[in-house]
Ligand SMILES: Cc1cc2nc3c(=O)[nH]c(=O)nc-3n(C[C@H](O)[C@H](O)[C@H](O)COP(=O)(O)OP(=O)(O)OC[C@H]3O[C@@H](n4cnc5c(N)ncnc54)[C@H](O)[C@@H]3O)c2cc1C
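Okay, here we've got a single chain as structure tokens, the form predicted on its own, with questions on binding and movement later.
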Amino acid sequence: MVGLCLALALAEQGFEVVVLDAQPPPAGLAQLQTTLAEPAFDSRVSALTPASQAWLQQLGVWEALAALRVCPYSDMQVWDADGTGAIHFTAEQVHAPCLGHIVENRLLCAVLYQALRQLPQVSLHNGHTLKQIEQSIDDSNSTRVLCDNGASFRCRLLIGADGGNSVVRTLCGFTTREWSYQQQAIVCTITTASPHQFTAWQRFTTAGPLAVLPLLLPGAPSQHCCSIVWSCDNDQAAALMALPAADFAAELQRAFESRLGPMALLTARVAVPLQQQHATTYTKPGVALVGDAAHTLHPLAGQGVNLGLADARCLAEVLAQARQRGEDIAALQTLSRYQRARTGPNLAMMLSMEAFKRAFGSDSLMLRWLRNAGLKVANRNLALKRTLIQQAMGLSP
């Protein structure tokens, strides 16, 4: 998603863009329209902030996405499983129509592909997996990309937007600082007996957070579909994945304290290993990393894709400004502006998520008291809540 957004932004600014995607192209919008009346949700969803939504509107794809299926959420309920601390955020508290939207990744990819196909300066190549990258240091200073199917391409600037296991990052010799949480996130779509109330729910436990995110089924009289992200230690994740669907749903209901009543699975479960990693640099001459290729973090706040979209927007702006000034878009001096602009915000978010993870993952009585007291204080302080909400929305307080 991040790479496609960046490709669209650059193409709309007049750059010639080649998109290499190892995956097959997504279904066309017409084909998708025939399936969206049924609850066949993508198990991979993202919580987009209003800041991310604004950029998608600027790129001209938000309206097409909203016409397919997105779910706004107006409230957030967060509570500590090991105490009485809780906090309730509402869009009304910051005079906003909503706090964000839950978006299915495949639908966002579909509308981005649709937009890219309309632009003659974009060349789309699916089923192309990178095998080798050759950089020549001469007058052209170009990069040659070779794929496993024999295809090859030359470019002035290579951008790696290929996820946490980035091939571009590996082949170009970038180093990372990383560690495993020894945890997995179990992801699937469920139905709930009670309507979700367009609320994003999160319960913190010492093993990890459980997030229940609302989904929208157009035309339904009430909304009962949700996406879950259940982070837990490897042993617990393995045991949960081995359970029959009905038993897993019962465990999920118990872990969620039956806030929405009995639950049932709509899709198969997927377990994703959790780790945090950060490239020591995002750029080299002729190469830049964006999104998960540059940084991954714990999903407890759902900010990964929003950080990636912020990367993409920043890099697109840096490259557009460089071209207007007649500067080399592949020069390290140019690309370092992107690096300087994004390293601070990304590290700040990663450190915040790590602090949350450690604070809520500890069974220390003192820490339990402090985090519960902190949630209660924040819930009573409207000014503080407004600041937290605006930061979570990607907006300046």
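Only a predicted model underlies this, so the values are computations on that prediction, with no experimental measurement involved. Numbering starts at 1 and follows the sequence shown.
Absent from the display: the form predicted together with the named molecule. The rest refers to it.
Although the partner is absent here, Thr387 is not a contact residue: none of its heavy atoms lies within 4.5 angstroms of the named molecule in the model of the complex. Heavy atoms of Asp80 never reach within 4.5 Å of the named molecule in the model of the complex, leaving it off the interface.
Within 4.5 Å of any heavy atom of the named molecule in the model of the complex lies no heavy atom of Gly208. Contact annotation for Pro214: none of its heavy atoms lies within 4.5 Å of the named molecule in the model of the complex. The candidate site formed by Ile133, Arg169 and Pro285 is entirely out of contact with the named molecule in the model of the complex, as no residue has a non-hydrogen atom within 4.5 angstroms of it. Heavy atoms within 4.5 Å of the named molecule in the model of the complex map, among the stretches 256-264, 276-284, 305-313, 242-250, onto 305-313 alone. Comment: the named molecule is not present in this chain, but in the model of the complex one of Gln118, Gln182, Ser222, Thr129 has a heavy atom within 4.5 Å of it, namely Thr129. Contacts with the named molecule in the model of the complex, taken as any heavy atom within 4.5 Å, map within 1-24 to Met1, Val2, Gly3, Leu20, Asp21, Ala22, Gln23.
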